[in-house]
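Only one chain is shown below, in C-alpha cells, and it's the form predicted alone.
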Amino acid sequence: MPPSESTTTIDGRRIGNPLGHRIFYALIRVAGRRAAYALLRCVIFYYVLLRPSVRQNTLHYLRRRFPGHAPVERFFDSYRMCFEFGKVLVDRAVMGIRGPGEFQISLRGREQLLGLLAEGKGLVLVTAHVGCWQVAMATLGCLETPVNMLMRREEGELDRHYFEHSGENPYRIIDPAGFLGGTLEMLGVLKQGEVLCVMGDRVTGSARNAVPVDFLGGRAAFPFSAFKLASTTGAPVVVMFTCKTGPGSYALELARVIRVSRDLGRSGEAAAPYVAEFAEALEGFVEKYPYQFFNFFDLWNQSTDSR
C-alpha cells in the first residue's frame, strides 16, 4: 500500500501498487496482524495528508455524518475512517493467510436465520460496505445452506479477497456483469432455498436500478433489485451488518427482517418503502459505528429514474 501516482483513489481498493500489497502480505505472514496495523498507520497518514483525492472521497459521507465538524476535525475523521478501512483490508488478508483462528466472530441472530430458511423460499441477505463483511460472512457456514454472493471485482482493484489467499471460497460468486445481470442465477438459487447475499448500498449497472430515499439528512440513491427478487420469489429479506468489535473480533448482526409484497411490478417507486427500511437500518448502524462505513461514492448526487 505504499504510494503510487497511478492508483491513489479510495472508491474501490485502488490504493498503492502491487509491490506495496505484497509487502503487507509478507509482513502478515512473518509478524502478524498487529505489525501490519503499525505500518498501516504511517501509510494512511501519508495518503490523508498528501493525497487530497483520498480525503475528498471520504467527505461525501463525513459531511453528513458530522455536519458540525470544523476542517481540522474533519481531517482526523478522514484519517480514522481510512485507517479503519485499511484494517479491514489487513484483516481479510490475515484471515486468508493465517486462517480464521486469528479472529473471534459472532453471529447474532442465528436461530432467527434458521427459522427463515425453514420456510423454504430462500433468503435474500442484504448487507453493505461496512466492517469486514468478508471475514464475518465466513460464519454463515453454520447455516448449512449454500451461500451465493453477487460480487464483481472493481476495475484496477489490487487487494486480494481473503479466499484468494487461502484458495477456499465459502460461497459461490454470481457476477452482475453476466447475462441479464445475473438475475436468472439469483432467481435460481432462491428457488432452491439457498442464501443470496447482495450489497444494498451501491448501484451496479444503470442508475435506473436505484431509487432515492432519505439517508443522513438527504435523498440518497440505493439499489432496489434485491427487493424485486424477494417480491418475485417470496423470499424474506434480512438486513445484516458486520461490525469490528475489538482488535481481533467481529460480529455479524441481524438488523432487520423485511417482508416484501408479491408482484411489486417494475417500478422502483413500488420498492421505495422497502429500500427506505434498509436505509433506516443502515443509518442506525453508522450512528453506532460512524467510522465503519466504507462506501466512498457520493450517494446523494446520483441521478435516478425509478420509472
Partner chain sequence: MTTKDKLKHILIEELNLEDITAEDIGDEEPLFGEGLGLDSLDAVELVVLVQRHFGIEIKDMEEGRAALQSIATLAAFIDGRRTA
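Residue numbers count along the first chain shown, from 1. Note that the structure is predicted; figures quoted are calculated from it, not measured.
Unshown form predicted together with its partner chain; subsequent notes refer to it.
**Q** Work out which of the listed stretches, 140 to 148, 184 to 192, 69 to 77, 110 to 118, brings a heavy atom within 4.5 angstroms of its partner chain in the model of the complex.
**A** Stretch 184 to 192 is the one.
**Q** May I ask you to choose, among Pro52, Gly265, Gly32, Pro247, the residue with a heavy atom within 4.5 Å of its partner chain in the model of the complex?
**A** Exactly one listed residue reaches within 4.5 Å, namely Gly265.
**Q** Using heavy atoms only and a 4.5 Å cut-off, decide whether all three of Ser106, Thr127 and Tyr171 touch its partner chain in the model of the complex.
**A** Looking in the model of the complex, the three residues Ser106, Thr127 and Tyr171 all stay beyond 4.5 Å of its partner chain (heavy atoms).
**Q** At 4.5 Å between heavy atoms, is Val198 in contact with its partner chain in the model of the complex?
**A** Contact with its partner chain, no.
**Q** Does its partner chain get within 4.5 angstroms of any non-hydrogen atom of Val94 in the model of the complex?
**A** Result no; Val94 lies far from its partner chain in the model of the complex.
**Q** With a cut-off of 4.5 Å between heavy atoms, is Arg208 one of the residues that contacts its partner chain in the model of the complex?
**A** Yes, Arg208 is a contact residue.
**Q** Does the 4.5 Å heavy atom contact test between Lys228 and its partner chain in the model of the complex come out positive?
**A** Yes, contact at 4.5 Å.
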